[in-house]
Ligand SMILES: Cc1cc2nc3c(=O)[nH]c(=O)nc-3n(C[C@H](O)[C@H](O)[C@H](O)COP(=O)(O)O)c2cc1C
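Take a look at this single chain, the form predicted alone, given in structure tokens.
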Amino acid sequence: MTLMLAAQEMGYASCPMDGFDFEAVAKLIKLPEDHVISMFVAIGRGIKEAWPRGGQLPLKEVISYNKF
């Protein structure tokens, strides 16, 4: 989070990334055995505005009371 806040202060956008093959990346960058990748952070300047966010689901569709 500190890295992302520092990037924003410098005028960059950032986004945490997950969902990649950690072991394959570690092998690709020759990461030492005693190190672990926990996540990536993409940092850069956008070339266009972000797409608008989609609408939210109604609460009755995402909250259940007194049951699973």
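Since we're looking at a predicted model, the values are computed, not measured. Think of the rigid core as the biggest set of C-alphas that the two forms share within 1.5 Å after superposition. Note that residue numbering follows the sequence shown and begins at 1.
This protein has a second form, the form predicted together with the ligand, left out of what is shown; the following refers to that one.
Q: With heavy atoms only and a cut-off of 4.5 Å, decide whether residue 19 touches the ligand in the predicted complex.
A: Yes, residue 19 lies within 4.5 Å of the ligand in the predicted complex.
Q: How about residue 45 - does it come within 4.5 Å of the ligand in the predicted complex, if we only consider non-hydrogen atoms?
A: Because no heavy atom of residue 45 falls inside 4.5 Å of the ligand in the predicted complex, the answer is no.
Q: Would residue 36 sit within 4.5 Å of the ligand in the predicted complex, counting heavy atoms only?
A: No, residue 36 stays farther than 4.5 Å from the ligand in the predicted complex.
Q: Verify the contact flag for residue 53: yes if a non-hydrogen atom of it lies within 4.5 Å of a non-hydrogen atom of the ligand in the predicted complex, no if not.
A: Yes, residue 53 lies within 4.5 Å of the ligand in the predicted complex.
Q: Superposing on the rigid core, is the Cα displacement of residue 10 between this form and the one not shown 2 Å or more?
A: After core superposition, the displacement of the residue 10 C-alpha between this form and the one not shown stays below 2 Å, so no.
Q: After a core superposition, would you say residue 19 shifts its C-alpha by at least 2 Å between this form and the one not shown?
A: After core superposition, the C-alpha of residue 19 moves less than 2 Å between this form and the one not shown.
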